[in-house]
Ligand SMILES: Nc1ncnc2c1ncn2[C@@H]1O[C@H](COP(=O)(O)OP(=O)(O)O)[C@@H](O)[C@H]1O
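Just one chain follows, in the form predicted alone, and it is written as structure tokens.
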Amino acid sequence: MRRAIRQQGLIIKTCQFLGSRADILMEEYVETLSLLHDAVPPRPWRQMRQLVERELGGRVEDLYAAFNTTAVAAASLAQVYRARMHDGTDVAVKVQYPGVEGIVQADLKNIRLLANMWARLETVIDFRVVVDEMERNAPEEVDFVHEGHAAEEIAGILASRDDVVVPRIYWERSARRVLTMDYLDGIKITDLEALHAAAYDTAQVAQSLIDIYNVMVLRHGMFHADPHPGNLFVLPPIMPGGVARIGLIDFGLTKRLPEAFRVQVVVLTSAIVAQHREDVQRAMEGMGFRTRYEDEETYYALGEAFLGDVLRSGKAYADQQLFADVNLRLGRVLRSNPLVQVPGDVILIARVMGLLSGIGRTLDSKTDILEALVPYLEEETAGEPTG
């Protein structure tokens, strides 16, 4: 972990992902790696001040009515300060680390080198497609203007819901490396002690989180692709007696699926639910999956590993035993018929599913995944959604 902190950049992001997988990692690993969600040592204010003033073209004292120079959070690419606008609005100011773009490019170069070396040894899965997707996303992750527009688009998608909050962006105080947004004063989604003390129903929080992602991925094909615990907060309901709200932050890693691909995701999910082998193969090939030999059983095994095993386990998440069983069975299948092509668009969906599974395990989710999915699968054949 100390080495990850020194490296920053994408190395920390990788450790954050692993630290969110309470479903598959032992507790001691999760506890250690989860410290990287929001507890990276911050850079000195004197360095960050220069960047803020250069990006926004003025003195901090003039740009904001008040500005707390002690960072409230520090992560892989940036750190966050609390400030106040001149109209009294409390805001969060996200400031990118100086030189982080160079760090990210160096990380990508090293990861690419490792993936190329691994590809010579490992014939079952080619991880170079993962690196390809990382390289496509990297420029957007360090462009806060892109992040702000992505946040606004997701806010529009979720505007009718009362169980989610997306912070408003203040463009007059934002630029490529500085982003000013509403400050969300909530509880980290995996802080069980604080959630219980505030009398939140963690199972309901988990159910809301799954439904929010069903709306984004299955209905709109546009989703927040980095739901690690440092980016998710629980806030009080709008009205007394209502459901708790989930605050989403950090939209640097978002994904827009081509419409045809979104439909294929829904078709594949429906085929996995129905256990229709031919339809699973047809959908996966339509999405761009290819195996060395055309074989229905291989595609079916991939579909079961992707979703079917969790659906039929009776749980809302994969536990360590299920994950081990799936890995063993899938490894056996792919050794005889390896994957030779994986669509890049599916990488972030798999990442999101993994992160949500880990959070579901932490929250002791009771959600029936099949029941949660069915309304969105039926929409494709029933016409326009109603809400």
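Fair warning: this is a prediction, and the values are worked out from it, not measured in the lab. One rule holds for the numbers: they count along the sequence shown, beginning at 1.
Missing here is the form predicted together with the ligand; even so, the following discussion is about that form.
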Interface segment, criterion being heavy atoms within 4.5 Å of the ligand in the model of the complex, picked from 280 to 288, 106 to 114, 246 to 254, 170 to 178
246 to 254
Within 4.5 Å, heavy atoms only, which of 210, 151, 266, 184 is in contact with the ligand in the model of the complex?
184
The one residue among 301, 73, 164, 311 placing a heavy atom within 4.5 Å of the ligand in the model of the complex is 73
Decide whether residue 270 counts as a contact residue for the ligand in the model of the complex under a heavy atom distance cut-off of 4.5 Å.
no
Taking the ligand as it sits in the model of the complex, is residue 230 near enough to touch it, meaning that at least one heavy atom pair lies within 4.5 angstroms?
yes
Contact test in the model of the complex: residue 142 vs the ligand, heavy atoms, 4.5 Å
no
Hey, in the model of the complex, does residue 215 get a heavy atom within 4.5 angstroms of the ligand?
no
In sequence order, which positions of 74 to 98 have a non-hydrogen atom within 4.5 Å of the ligand in the model of the complex?
75, 76, 77, 80, 92, 94
